[in-house]
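Only one chain comes next, encoded as structure tokens, the form predicted on its own.
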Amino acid sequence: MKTLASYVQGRWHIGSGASATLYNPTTEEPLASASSGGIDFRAVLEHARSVGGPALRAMTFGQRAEMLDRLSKAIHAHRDELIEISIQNAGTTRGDAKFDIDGAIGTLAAYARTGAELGAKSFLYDGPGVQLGRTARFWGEHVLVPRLGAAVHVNAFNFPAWNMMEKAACALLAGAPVIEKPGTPTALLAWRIAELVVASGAVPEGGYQFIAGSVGDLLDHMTSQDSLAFTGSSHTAAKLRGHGQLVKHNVRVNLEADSLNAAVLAPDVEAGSDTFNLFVANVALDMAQKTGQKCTAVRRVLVPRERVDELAAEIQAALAAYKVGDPADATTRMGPLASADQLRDVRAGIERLAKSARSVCGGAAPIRDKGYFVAPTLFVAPDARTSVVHTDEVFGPVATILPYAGSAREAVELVGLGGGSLVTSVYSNDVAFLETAALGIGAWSGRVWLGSDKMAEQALAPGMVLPQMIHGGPGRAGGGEELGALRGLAFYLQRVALQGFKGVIAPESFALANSAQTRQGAGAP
């Protein structure tokens, strides 16, 4: 059994005291242990601030882009090994393992390209300048400059590779040193990636640190220049938001929490059409991919009332093609849940839904003697406003069909009952329906995905998070925002209003002077 070490203050640290055990969710055999006991978390933060931060800020965006490119290639070189680790520790099928690991590799590569386009710059202009005086001589510009603290990343168990690297890519490109804490049940994959990051030598000393196990009292030592980005449950997110030290020092906090994502089928979509087939395929994929353990997975399926039975049968048939079993078997399309805790929570959630909705397939009953397995489970609610469906996220292969009358405005209202989500998908060839739904749902969802015949052949599934677009959502989804190309850097940068002589602060002068200084090694502001 492996012992996962933390990488802090330039060395690997084996934790002392009590440790957490990581299991193979298919066989329930122990794989590794993790403990952060004995780490001085105040010193970890100070190492990031005093060593890693200055080294990263001394680099241009272009130089940091080269760093991200090296990381992407270092991880890609061990892709097959990482896939096997994911199968063993996360219970993913080979396809689902690739989804996670390639997401990490691709996001690093995408941000490397973004940074390369910025070149020798070390700060960013934010929008157009503005005349402040009676002539343009007195001028104003908004700029984004690096902050001086550390970026603490508390990541979720469901995407140990992608979740860690999407946060790290934005922070490192912005010049912020990172401290990465993975979700413990699947930390074996994150730990191996941490080994690759350190071995690559791409990140300056202090720019990347990794904690295997608990974060201890780390948050108690964060101050105003630091930032915290979290992905996980809304319960933990609420505790973090109210943490006394974070509140006292106005530490920047970005949260991605629970999300009751919805898929909406408009009444104009005909059976057998490209849009219809896309809807059925995407709902089934969202339910089964990563065993439903995706923050972007669909939980609520809005279907015109008169078509509920038709769609229930179609989705059930699509789910039947997802063979559940040992993820190491090439014919398996859905593996186990990630942990015993997940299995307990998902079974309990299925039982709660079963009290208010009709079961179409699946259920809470065990389906194998060993492992944390559950069947894809589809419900039909008797009423679209059934409260439990809009308040209780079951983080597994579970979704509920909600019958509605078919108007776009009603769909907007029903989506809003979930209190905020990461993504809502709407399927229609009716432009008016799409416009009404998209603009209305936009207040409740970080991303609105519009499916139609014209894009069906080229579209990526709504559950796919792309580095070019923002990832996050309002309300119960956490209220945070990540990625979105350059938008993802803003969380780690400080927006400053510059006021003065246009000849000094306008981009055609100030930016060029700054670039020249950077090329001469003067570093970032």
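Small disclaimer: the values here were computed from a predicted structure and weren't measured. Don't overthink the numbering: it's just position in the shown sequence, from 1.
What comes next is about the form predicted together with a small molecule, which is not displayed.
Although the partner is absent here, G418 lies well away from the small molecule in the predicted complex, with no heavy atom inside 4.5 Å. The closest non-hydrogen atom of R70 lies beyond 4.5 Å of the small molecule in the predicted complex. In the predicted complex, at least one heavy atom of T236 sits within 4.5 Å of a heavy atom of the small molecule. Not displayed here, the small molecule is approached by N155 to within 4.5 Å at the level of heavy atoms in the predicted complex.
A heavy atom within 4.5 Å of the small molecule in the predicted complex is found for exactly one of L450, V324, A357, V215: V215. Among the residues F210, F279, W444, F230, the one placing a heavy atom within 4.5 Å of the small molecule in the predicted complex is F230. Looking at 89-97, 176-184, 406-414, 365-373, the stretch with residues near the small molecule in the predicted complex, meaning non-hydrogen atoms within 4.5 angstroms, turns out to be 176-184.
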